[in-house]
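Here's a solo chain for you in structure tokens, the form predicted alone.
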């Protein structure tokens, strides 16, 4: 008798297990899905989300503030000073550009997405974007270069600056030589005669009588 009870108990337990499982399945058929069909459907990024960095190089003035603020040194900036005869234009914030930027690289593999580089920028040229899909097989592809200068333009800017510095050094040397070769009478100051010392007036003592 016990074997028959065990037999029917196993049948009952199996059917109950199937019913419980089907009940959960049927319940989720009519429940709103908690997932999305990624990548065809993507969730909206929060307004202050921190993702991949972007630099509008046309607004960059090469102040190096973002690189100084970066705690992991993932930003590399190189600049070349422009000569007075060159006009590099102005930024969208009406700031005059005085430096060429031959190199503005961000190693996004090092970036910790802290956003500290964004706030010091005086021209607001570096921003956090909503791009978060940038996986790469080659690590070198995670180094983003934002400079738009060609090799020829960089060489030309360096040559102009070197020529300008040489001209300024030559002018300074010529001015120094001219001062040294000028007549002594024109450069030496005439002696200053001290004013005569006036004798002190005699002291008149009061009568004691």
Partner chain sequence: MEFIQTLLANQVLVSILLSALPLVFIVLMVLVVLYTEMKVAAHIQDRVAYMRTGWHGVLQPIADMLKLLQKEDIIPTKSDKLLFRTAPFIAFTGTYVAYAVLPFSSIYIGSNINLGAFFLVAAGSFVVIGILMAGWASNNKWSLIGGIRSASQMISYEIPTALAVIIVVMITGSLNLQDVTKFQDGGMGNWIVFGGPLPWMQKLMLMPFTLVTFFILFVASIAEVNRTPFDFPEAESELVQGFNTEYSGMRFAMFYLSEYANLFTVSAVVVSLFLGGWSSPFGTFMSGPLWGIFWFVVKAYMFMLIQIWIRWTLPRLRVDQLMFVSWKVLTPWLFVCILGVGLILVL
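The structure displayed is predicted, hence computed values, not measured ones. Residue numbers count along the first chain shown, from 1.
Another form exists, predicted in complex with the partner chain; not displayed. Remarks below refer to it.
Visitor: Just one of 33, 148, 140, 151 has a heavy atom within 4.5 angstroms of the partner chain in the predicted bound form, so which one?
Guide: Comparing distances to the partner chain in the predicted bound form, the residue within 4.5 Å is 33.
Visitor: Among 48, 163, 28, 171, which has at least one heavy atom within 4.5 Å of the partner chain in the predicted bound form?
Guide: Selected option: 28.
Visitor: If we define contact as a non-hydrogen atom of the residue within 4.5 angstroms of the partner, is residue 176 a contact of the partner chain in the predicted bound form?
Guide: Close contact is absent here: in the predicted bound form, residue 176 is far from the partner chain, nothing within 4.5 Å, heavy atoms only.
Visitor: Is residue 155 near the partner chain? Define near as a heavy atom within 4.5 Å, in the predicted bound form.
Guide: Contact with the partner chain, no.
Visitor: Looking at the partner chain in the predicted bound form, do all three of 15, 22 and 39 come within 4.5 Å of it through at least one heavy atom?
Guide: All of them do, each having a heavy atom within 4.5 Å of the partner.
Visitor: Where does the partner chain sit in the predicted bound form: which of 39-47, 61-69, 140-148, 155-163, heavy atoms within 4.5 Å?
Guide: Checking each option against the 4.5 Å cut-off leaves 39-47.
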